[in-house]
Each structure stands twice: as C-alpha cells, then as structure tokens.
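The chain below stands alone and is given as structure tokens, in the form predicted alone.
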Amino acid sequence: MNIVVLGAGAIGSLFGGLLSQKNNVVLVGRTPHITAIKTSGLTITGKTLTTVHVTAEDSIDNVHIQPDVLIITVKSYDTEEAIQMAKSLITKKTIVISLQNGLDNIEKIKKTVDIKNILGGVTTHGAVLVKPGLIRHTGLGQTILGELTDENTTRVAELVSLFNEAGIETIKTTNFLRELWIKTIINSSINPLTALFFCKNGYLLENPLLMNVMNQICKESTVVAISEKITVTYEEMAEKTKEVVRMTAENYSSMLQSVQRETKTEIDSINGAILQMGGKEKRFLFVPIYLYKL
C-alpha cells in the first residue's frame, strides 16, 4: 500500500518507519531529519529497536506517489496549511487519517477533504526525536481507528490489520468521538502541568499538589465532555489519566518537548478547545484558564 506520512517528527517517524517494512512509505518532515534519514536511514531505539531505509522528503512537492493512505501527524496548529499543501495528492480513493493531539483537527481537515475520505485516529504511543535520523520509542501504547460517520465500511478493519501487521497494536472503534475526547481529557490533565513544571509524567503522581491539580483539570474537562453528550464519567477518566501517567512515567510529554525547544505548543487545540466548548455554557473553568497561557 502507498502511504504518505505528513509530519514526520517523533510519532510520524515511528508509525512511518514501522509501516515501511511492508508498505511503500514516504515520510515528509523537516530538512535536518529528512537529510539524515536519506543518508543513514531512520533509527528507532527504546521500546522498538530497528533501522529502516524509508523514502523521505522535506517537501510535499517532492512526493511522486499517489497515496492510498495519507497519515497526518503535524502539530495541530499546522493542520490547515499542511492539508492544503497535500491537496494535490488526495484523490477520491485516498484515506486521510489524523493521528494528532487535540479536538479540532478533523474540523480543519474537513475544510479541504470530504468527510467520507477521513478516518479518525488516536494513539497513546510515546516517542521523542533524539536527533535528526534518530527517534526513541519511549512508551508502548494502543492505537484506535474509526469512521467519523455511521457508515459501516470494511476499510477500518483493513487498516487495523495493516497497522497490526506492522507491529502497531491497533483496534477499531464504532465511537471515535468518545475516544478522541478520552485522549484529549487525559492530555489536558497531564501535558500542561508537565510543561509548566518541567517534569516527567510520573512526577504528577509523586507530588500531592500536582496530583490534586491534575485531578481538578480532569474533572473540569470531563464536565465539558458530558455537556457535549460524550458518555464518560469523572471516575473513569480519573483512573484512565492515572493509568497513562503510570504507563508513561519516564516520558516527557509532547507539550514539554515543545517548551524545551522554545516552539509553539498545542495548548489551543487541547485545553483551549475544551475551554471554548465550556464557555458556550458560560461555565467558569478556572484551571484550564490558568494553564491556557502556555
């Protein structure tokens, strides 16, 4: 299968590298990383140990295959520009999968791509770009794919099989919006705190004050999700959030990595999006407002 990964940072490179072992994959990313991959291949360490020689380009204009699947892994704030740049590659048969953080990426993609061509995806894998050409797979996780409409198709099952064959544990969901909210609630509770206090995820359970704030953010985010007709409870989300912290205790969140690189964070699409939805009901969401200035 022809697969293009648009946004070959840590997660994009991890997925693209693994998929490239049985598929024709092109990674599209930033020049230093792409140059290193072209020279010496893509090396993955940590939970996965491999070096793959995968096609890589630093511009979408240099991609000369018609993708069956276009995987979007750019930062949420780059989504609209990225999908516009990739527009020429997308046909009526191309499946576009968003594997990004935040609540608003699908809406951004829908401005350019027919919703029938879009699948939703979430993943809890952790990865870090150590240096150009080298990523570290810091945490094993699960990937979930699903349709955005009620249409019952076979393509999700086919892609789930494709991902699993590549070593990416993946399952199908019939309620993608719920899965997206679950991941966003968890991200909203963990990522900003780690970015503010420059700590690994696990420290949030070691520090009673930070654990209390994490629980409060989780509760407020869950209240907004419930108001949006998402079937979650605070008890469920509090436990899921702590479970993710425990599983990724040694990880540095993607938001903290952005702060360390002095680049823009995805706070607008995570806490900011939840804050905006909560504001529709004129609620006062203290913690997301406090964290929103990252």
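In case it trips you up, residue 1 is the first one in the sequence shown, and so on. Keep in mind that this is a model prediction, so the values were computed, not measured.
Although not depicted, the form predicted in complex with a small molecule is the subject of the following passage.
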Only one of 108-116, 166-174, 216-224, 190-198 has heavy atoms within 4.5 Å of the small molecule in the model of the complex; I'd like to know which. 190-198
Though only this chain appears here, would residue 101 touch the small molecule in the model of the complex if you measure heavy atom gaps against 4.5 Å? yes
Using heavy atoms and a 4.5 Å limit, would one call residue 269 a contact residue for the small molecule in the model of the complex? no
Is residue 178 near the small molecule? Define near as a heavy atom within 4.5 Å, in the model of the complex. no
Can you check whether residue 244 is within 4.5 Å of the small molecule in the model of the complex, heavy atom basis? yes
